[in-house]
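Presented below, as structure tokens, is a lone chain in the form predicted on its own.
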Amino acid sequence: MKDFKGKILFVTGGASGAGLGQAKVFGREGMKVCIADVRQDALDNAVNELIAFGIKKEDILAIKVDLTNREEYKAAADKVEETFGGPPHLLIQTAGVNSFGPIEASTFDDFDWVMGVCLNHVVNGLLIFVPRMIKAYAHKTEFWVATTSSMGAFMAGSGTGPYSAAKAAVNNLMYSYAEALRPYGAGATVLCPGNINSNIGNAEKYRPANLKNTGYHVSEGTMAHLRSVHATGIDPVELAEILKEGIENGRIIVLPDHTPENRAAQLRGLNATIEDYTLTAAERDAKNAERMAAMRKMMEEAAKKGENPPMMWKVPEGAEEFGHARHDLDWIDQARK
């Protein structure tokens, strides 16, 4: 998809972070911008930001919607068609949440919340919008679906089990849609960034009341830690520019590095982790020891040259138990709570 001007964009999680960055970049290309989010105050602020970015107010539609609620999502889809005369030409599903803790401490609420937003909302959008998009645009004009996933989709995370599982599923979904949509003159892209300067560090504040029973240790301190980590992430507009380049060139996977050599190196490193799962426990331990020794040597050599070591985040006060389980869970190893 190369021609964006005058076409319709629908972005979930569009009120902040990566989603707002996408709304800005594609809106600047002349698209009519629909942003969907569950937070009305954030939507109001986002509209003002989009106008300040140079997007006309009449080309912006902000919709408050719970994307895990299919009826609300369908109503939002209807609103897009009523306002702009058709379904989106470009659907980008970026809304996401995360919480950190040992997977063995997870509750049903932890899985239902994280997978509900990170996976089920993507399924909802695809099933609601794609048939409409095919009917309206197949063999007539370009259209595309994209999802913001994560580098976490390629790796296991014992401290981010629901999130990693959801993102792995999202990637696989987009591979399938990339193949399925090609005969209609369309395609699919999955964006897999690492750290983004976004609002996801505050996600726990917006966890629904009926899904509050978490097995993880959550506090103002742990959220402050996440905010400090994400503050160092890639700028959302820069990331959106990378996504745009990927869509323009028909990439199925977009990593946050334009350099082919770096992309290949990233994937080799991620694939090596999966390959290690085929080894015996003793073989894996030996490889991990080699990697740790190589890292120590690299840091020692950097110190001798007066170079700064890799940046480490300072853990804010009250965040020492970040990623730990609740104290009252009696089956959890003491070191993990």
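Numbers follow the displayed sequence, beginning with 1. Not measured: the values here are computed from a predicted model.
Quick note: we don't show the form predicted together with a further copy of the same chain, though the next part is all about it.
| query | So which of 233, 152, 87, 201 reaches within 4.5 angstroms of a further copy of the same chain in the predicted complex, heavy atom to heavy atom? | reply | Only one listed residue qualifies here, and that residue is 152.
| said: Just to confirm, with a 4.5 Å cut-off on non-hydrogen atoms, which of 141, 176, 228, 219 contacts a further copy of the same chain in the predicted complex? | reply: Comparing distances to a further copy of the same chain in the predicted complex, the residue within 4.5 Å is 176.
| With the partner removed from view, which of 296 to 304, 30 to 38, 276 to 284, 55 to 63 is the stretch that lies within 4.5 Å of a further copy of the same chain in the predicted complex, judged by heavy atom distances? | Contact criterion met by 276 to 284 only.
| message | Please determine whether each residue of 24, 42 and 324 possesses a non-hydrogen atom within 4.5 angstroms of a further copy of the same chain in the predicted complex. | response | Not one of the three qualifies.
| Looking in the predicted complex, any heavy atom of residue 128 within 4.5 Å of a further copy of the same chain? | Taking the distances in the predicted complex, the answer for residue 128 is yes, it comes within 4.5 Å of a further copy of the same chain.
| request: Determine whether any heavy atom of residue 75 comes within 4.5 Å of a heavy atom of a further copy of the same chain in the predicted complex, and answer yes or no. | output: Judged by the heavy-atom cut-off of 4.5 Å, residue 75 is well away from a further copy of the same chain in the predicted complex.
| task | Would you please decide whether residue 252 lies within 4.5 angstroms of a further copy of the same chain in the predicted complex, comparing each non-hydrogen atom pair? | result | Contact with a further copy of the same chain, yes.
| said: Can you tell me if residue 237 lies within 4.5 angstroms of a further copy of the same chain in the predicted complex, counting non-hydrogen atoms only? | reply: Flag for residue 237 set to no.
| Of 93 to 118, which residues get within 4.5 Å of a further copy of the same chain in the predicted complex if you count heavy atoms? | Those in contact are 103, 104, 106, 107, 108, 111, 112, 115.
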